[in-house]
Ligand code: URP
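For reference, the chain that follows is the form predicted on its own, supplied as structure tokens.
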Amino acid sequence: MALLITNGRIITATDDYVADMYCADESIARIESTIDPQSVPDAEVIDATGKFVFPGFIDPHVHIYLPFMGTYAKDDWKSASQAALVGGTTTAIEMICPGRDDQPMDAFETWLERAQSSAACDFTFHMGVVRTDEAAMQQFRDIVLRGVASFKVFLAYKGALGVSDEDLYRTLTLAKQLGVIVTAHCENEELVAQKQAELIAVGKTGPEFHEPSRPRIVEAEGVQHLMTFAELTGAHVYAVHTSNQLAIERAVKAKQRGVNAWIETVVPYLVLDKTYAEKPNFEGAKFVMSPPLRDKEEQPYLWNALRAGIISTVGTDHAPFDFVGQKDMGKPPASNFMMIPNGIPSIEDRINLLYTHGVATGRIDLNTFVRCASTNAADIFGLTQKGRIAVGADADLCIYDPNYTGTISAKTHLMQTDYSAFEGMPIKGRPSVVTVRGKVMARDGQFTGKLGHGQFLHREPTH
């Protein structure tokens, strides 16, 4: 069914105006000051008076199918895409994380099949690189031809997902040849391994020691390392989940030298800090992620960098694990913080937290909100039909009610984890109606769409 959205305040990365919008055949067909409903009798009319109309939001960094630390993430595309849509996210980019012995093409087919079978939102992937033998390199070329225009490397997790300097150089060289951007988890795996061993040797095994094992200087060194290789190869790079000022400054200095680099942060860093991981009775395990939550004093810098455009995107690094039965695998004395599955479930809460703590507090304006949560990700990752409100663009829309007030709770979220890292946090505003290619998929906190509506987004290299 076609849609006519009336009286909405349309907010894009650059504009702010009131208009009516008519959507048909999955696209935005008309945007006019007033559209007579009688001129489009086939359309469902949605009155957006008093509400914002945003382009559908894009999460550039999620994990849904994820083997990790001997277990598997709790969400599948059925639960994660419903949660995403209720939270205003209409497109998600998932990290494909093959094991060292896996064939890259087999991994791509596995991740693709799991998404295609049930995703309600649109989706695409970053292709993980863990080795660069000739057979793997040819498969990466073939995967790019299949529509995946970004790679992912880990400069962390020694002996598992982490890549060698040779692999990093070969990956960036291939990316430069193909016009593909390389996203990177930036730490120094050797320094992390040494710090972990030192702490555990003296009995410091609880979740509160996860952050000291990966201090911010280790993350900054990882960013510097990536930037050096990017400068040498000419490849375009994107530092994921950047948590602190020191790391960001390393990227900024590289950009000033001419390195083509973009910076992402994730919503937990903006609203949580390392004291959460220090909660007693092992409760801190709920907040273990890598890089870790940092000192609260980092947050003003992150918000300022977001407002200034230094940070391009806000993702989630959604990695959902239960507290009971998964995170507690690292519970002392039998085990230690190294065995806690990393990640904070947040795909459902990103937009509401960013609006509540960013827009509603005056830290960022509405245009910045749209840029960092939608349009910049579309531009960086070649999602040409997404992240904008314009005639001809996909009718991915989030009609947002700024007057709503509520509270985040695991009792009501659609993610499959047994806890929320944001339990009890108040929110100001939430999505009222969410559409994917013109189809209404969520209304007022409820999923109303159809599983399987989501499409794989074939992307051409743009870097």
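Predicted, not measured: the structure shown is a model, and the values here were computed from it. Quick note: we count residues from 1 along the sequence shown, nothing fancier.
Unshown form predicted together with the ligand; subsequent notes refer to it.
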item	value
Touches the ligand in the predicted bound form: residue 241 (any heavy atom, 4.5 Å)	yes
Any non-hydrogen atom of residue 342 within 4.5 angstroms of the ligand in the predicted bound form	yes
Any non-hydrogen atom of residue 74 within 4.5 angstroms of the ligand in the predicted bound form	no
Exercise: residue 185 in contact with the ligand in the predicted bound form, heavy atom 4.5 Å	yes
Proximity to the ligand in the predicted bound form, single hit among 437, 413, 63, 51 (heavy atom within 4.5 Å)	63
Among the candidates 250, 152, 388, 294, the residue which, in the predicted bound form, approaches the ligand to within 4.5 Å (heavy atoms)	152
Among 314 to 322, 389 to 397, 108 to 116, 124 to 132, the region lying within 4.5 Å of the ligand in the predicted bound form by heavy atom distance	314 to 322
Those residues of 65 to 101 which, in the predicted bound form, come within 4.5 Å of the ligand by heavy atom	68
